[in-house]
Structures are given as structure tokens and as C-alpha cells.
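The chain below stands alone and is given in C-alpha cells; this is the form predicted alone.
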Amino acid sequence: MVANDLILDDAYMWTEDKKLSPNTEMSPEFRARKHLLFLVGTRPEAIKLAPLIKRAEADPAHWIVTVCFSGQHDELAQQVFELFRIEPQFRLKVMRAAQPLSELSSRLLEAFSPVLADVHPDAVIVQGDTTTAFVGALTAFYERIPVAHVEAGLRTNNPYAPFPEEINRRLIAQIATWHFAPTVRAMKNLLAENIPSEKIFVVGNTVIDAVREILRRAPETNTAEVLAPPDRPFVLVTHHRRESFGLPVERVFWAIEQLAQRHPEIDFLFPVHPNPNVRERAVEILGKKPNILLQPPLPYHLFVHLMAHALFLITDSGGIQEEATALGKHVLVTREITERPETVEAGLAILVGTDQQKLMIAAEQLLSSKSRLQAPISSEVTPFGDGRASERILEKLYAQLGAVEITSKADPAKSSYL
């Protein structure tokens, strides 16, 4: 059964190289293979799950891989799929203009259910703290399928910052069977919530795997092509968080406008999020400054190379805090609190919130200390790992799946993972 808003790609019927259909009785030689269903909704999820998906696909002796894309970030995530050559077997159409979170959650729950019932994988993989991740984990729980949570254990201890992510990841932690924590701090957060220690694995963050993969490639588009002129120094800016809509985002933009006015020799490159709450205010406040370059969202490979060449970054993104740290770049974080305090402790991130004066003072301090910006910062070992998180996750997951009895819906009493 397939929901009306579900597109079932022809690729779902396994092509010859995948050997068999999910609904085909497996011969004994294939019983060692484990079937993973990856649920992906947003661009950050696609970035952080791509290395894991590709590594699993490269090992067909152990893994069967199915990818379900919820469509939460449609075009933005599609760029990442194309970059990493990932073709989702399922594509859901759940997004509606100005859709409240309650409606999105309801539509995702309804759309995910037939996917899981059809595929019935050995494990469902969710990443982070999006609505896709939370509802995907909940649907898997209803289908009695174990859940692996990638990037588990991040906490701010403020239910509304970030919103709704803090509650999403806490709820996923109550559902997940296995918790793949990026850092020791994340592991300690989970232990404090009475998550069994034998179900927690500190593996690093898969975003480091993704960044290092991109840096090994030459950019398909020269970074200079998005700058005018290409030899000018620039600060890279992003802003998109839901809890900052309204006056907070306006204060951030006013600070950037003032910095651009004070420093005409520096460009401020801002790939603007398509959400109208961000885009409309960015155009209104920043659109007339010649050294503020408003861009549409950039392809991920280009964005990584721009991060590597920026003076520093101004962002409210959690993932960019991690990526910038991996690149040895300073970050001014336009949030009051971060679930990634490792970036602050590493001396690369400063929490400035959405206070206009605080942001301007911190930016001026960085700009006045050119030696700090120009001095290379070692990024060989970051607080978020060494670029081998995907390898560790699959190794641990395969060992754990060997001990889990996957129970059909018809016989729930035999479940060994609830």
C-alpha cells in the first residue's frame, strides 16, 4: 500500500546489482546481509548521512541500503544527493506552504508508515533532531523496528532553543535502540538520562567525514565565481533558525549592515535561506549594500570551499559550527546557547546571540586581529572526530544487529529490543 503523497521510484525494485527485492525470500548466502533504511529530510541530514550511505552501499556483502527522502528540504537536499551520487528509492511529498509543525508531523507519520511496512528493514537510521528524524523514529517504533540514532546526545537543556530540535532529539533518545554519540560530552548527556551505556557508542561526527571527502575533490565551480571581485577578503554568513524569526533576525542583519558600512574593503557573502521569514528581511535590510552579496543557497561542495577561504563565519547553524571547526575557522554563533560547546572550548566559536552590539564587537575584534585570522589552525583532529565516524557506526551496528531478533508485526511478543 502506498500513500497518495508517496512517489515510489522504479529503483525500489532492486536493480540487478542489488541482487534481490526486499520482499523476496533471502537465500542462506544473503542472510548475513542487513537491510538499513535511511530516513532523510533536510540538507544537513543528507550531508551527515551521505558518508554513511555511501560506505554501506560500497559493502554489499554486509548491507542492503534503502533511502527514503521526506522532502522537508526539497531542492536543498537534492543538491547533496547529486553531489554524493545518492538516489533515494522513496520520495515523499509532505511539504505545504506555511505548514505548521503539527501538520508536517502528521503527514510524515502517515507517509512513513507504508514505507516501513513495505521495506521492513533490520534497522531504521535517523540523524540529528529534525521533524523527519523524530517522526521517522516514532513510526519505526510503531512498526517494532529498531532505530539507530546518528549524532545522539546533543543537548542545550532549553526546550525552546533550538526549537523544535531540542525536544525532537530528547524524544528520539527514548525511542532509539542504539545511540551513536559524536563526542564524550554527548555520551555523558545520554548517560545522565539513564540511557544504557552498552547502547551508546562514541564514534565522532559524520560531518567531518563529509567535509574531508569534499576537500579531497577540486571544486566543480571555482569559489571566485561567486565573489565580486574574486580577490577581496570576505566573511561568510548564514542565518535560518526558527526561534530567531522577527526582531532577533533583524538585529543580526542590522549588525551585518553596520559592519559592511564600516569595512567597505571586505565582502559579506550571504547565501540566503529560502524561508520568506529570512529572505524578505535579508533583502530589505541588506540588499542595497554593494559589499553584501546575497546569494541563493549554494551547492554544498562550493560552500565547503568558501568556508575554507573565508576570514570567519557568522551563523546560527549547528552543522556549520562543526564544519568550521573541522576547517580551523572562527565562528560567531548568533544563538544564546549551543548544543556544541566543544566549538567554544576549542577557542573557535563565540556565542554572540542576536544582540546587535555584541555581534559587532566580536566581529570587530576578529577583524582587528588579522594575525589570528591568517594563522593556520590545525584541524587534523577536531572535537568531532577524525573523519572515520561512518566506518565506526557500521562496524558497531553490524555487531549489534547480529544480536537483535527482528520480529514481524504479526508476532510482537517476541520482540527483543523493546
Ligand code: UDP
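A residue's number is simply how far along the shown sequence it sits, counting from 1. Owing to the predicted nature of the structure, the values given are computational and were not obtained by experimental measurement.
Another form, the form predicted in complex with the named molecule, is not on view; read the next lines as being about it.
- Proximity of Gly153 to the named molecule in the predicted complex: non-hydrogen atoms within 4.5 Å are absent; the residue sits far from the partner.
- Contact check for His240: a non-hydrogen atom falls within 4.5 Å of the named molecule in the predicted complex.
- In the predicted complex, the named molecule stays beyond 4.5 Å of every heavy atom belonging to Thr177.
- Remark: Pro51 does not count among the residues lining the named molecule in the predicted complex, judged by a heavy atom distance of 4.5 Å or less.
- Taking the partner from elsewhere, no residue among Thr66, Phe112 and Pro121 has a non-hydrogen atom within 4.5 angstroms of the named molecule in the predicted complex.
- With the partner left out here, the named molecule still marks one of 254 to 262, 303 to 311, 279 to 287, 195 to 203 in the predicted complex; by a 4.5 Å heavy atom cut-off that stretch is 303 to 311.
- Out of the listed residues Arg43, Arg388, His35, Arg55, Arg43 is the one that sits within 4.5 Å of the named molecule in the predicted complex by at least one heavy atom.
- In terms of contact with the named molecule in the predicted complex, the residue from Pro146, Pro88, Pro182, Gly318 that brings a heavy atom within 4.5 Å is Gly318.
- Residues of 253 to 281 placing a heavy atom within 4.5 Å of the named molecule in the predicted complex: Pro271 alone.
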